[in-house]
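Next up: just one chain, as structure tokens, the form predicted on its own.
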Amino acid sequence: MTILVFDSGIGGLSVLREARILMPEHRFVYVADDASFPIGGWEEGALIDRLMFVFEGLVKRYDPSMIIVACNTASTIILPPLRERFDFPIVGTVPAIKPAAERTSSGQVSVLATPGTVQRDYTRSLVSEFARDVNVKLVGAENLAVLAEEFMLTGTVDDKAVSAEIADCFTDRLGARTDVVVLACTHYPFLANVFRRLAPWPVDWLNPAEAIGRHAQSLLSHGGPIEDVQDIAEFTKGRPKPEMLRLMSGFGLKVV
């Protein structure tokens, strides 16, 4: 079976990594829609049209048994039309607000996301449904996804720039400090160690990638022989630069 993992950039590799561990018998196709990256600033209608066009072509080429939309911003708007259009499982990536509300001890939770995810009604509905008794602060980071991609490619990052992006996550209300930060963009887990180093106090950085992988696994048949076919990656903007090719190779992906 082929599983298609989609993101606007390379952040979805954090989800791919977990999915492969849990489902080694399947073939994976990773798609980076870098032609639309970053997608947080897109108008909603235009973004839906763009993504549906891309997915139509991908399904024709790869005939997947499942799509994992490894992008929070895309998932907040594209899951209903995708599920209406295709009859195989579609797994989304949405902010882990429910587990954060269950995990917090202080009652202070922050959701670190792209501006697009913060602005979606879907995100706010998750807060009202699952975190009514918790103070949830939505933090829209303008540049953090780009910083994460640069870090993945070069191994270096501007600490001052990262600190500025995460500063609003930390709230101290009469001693009740933020103790859980939801990583609501698949790019962000790659900066988790940087976040821990720069944070003003320790918090639980909640990465949903493993939970997404487990959910995807539950929707497909188990077992079977491991497919002896190399996993591949596709970039919608065309063949990427050498440093990106090296990164993909490091993840065991052949760029086509």
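No experiment lies behind these values; they were computed from the predicted model shown. The first residue of the sequence shown is number 1, and the count goes up from there.
From this point on, the text means the form predicted in complex with a small molecule, which you will not see here.
- Interface residue remark: residue 55 is not counted as part of the site for the small molecule in the predicted complex, having no heavy atom within 4.5 Å.
- At the 4.5 Å threshold, heavy atoms of residue 37 reach the small molecule in the predicted complex.
- Heavy atoms of residue 109 never reach within 4.5 Å of the small molecule in the predicted complex, leaving it off the interface.
- The closest non-hydrogen atom of residue 71 lies within 4.5 Å of the small molecule in the predicted complex.
- Considering the small molecule in the predicted complex, the lone stretch of 56-64, 210-218, 196-204, 183-191 in range is 183-191 [heavy atom distance within 4.5 Å].
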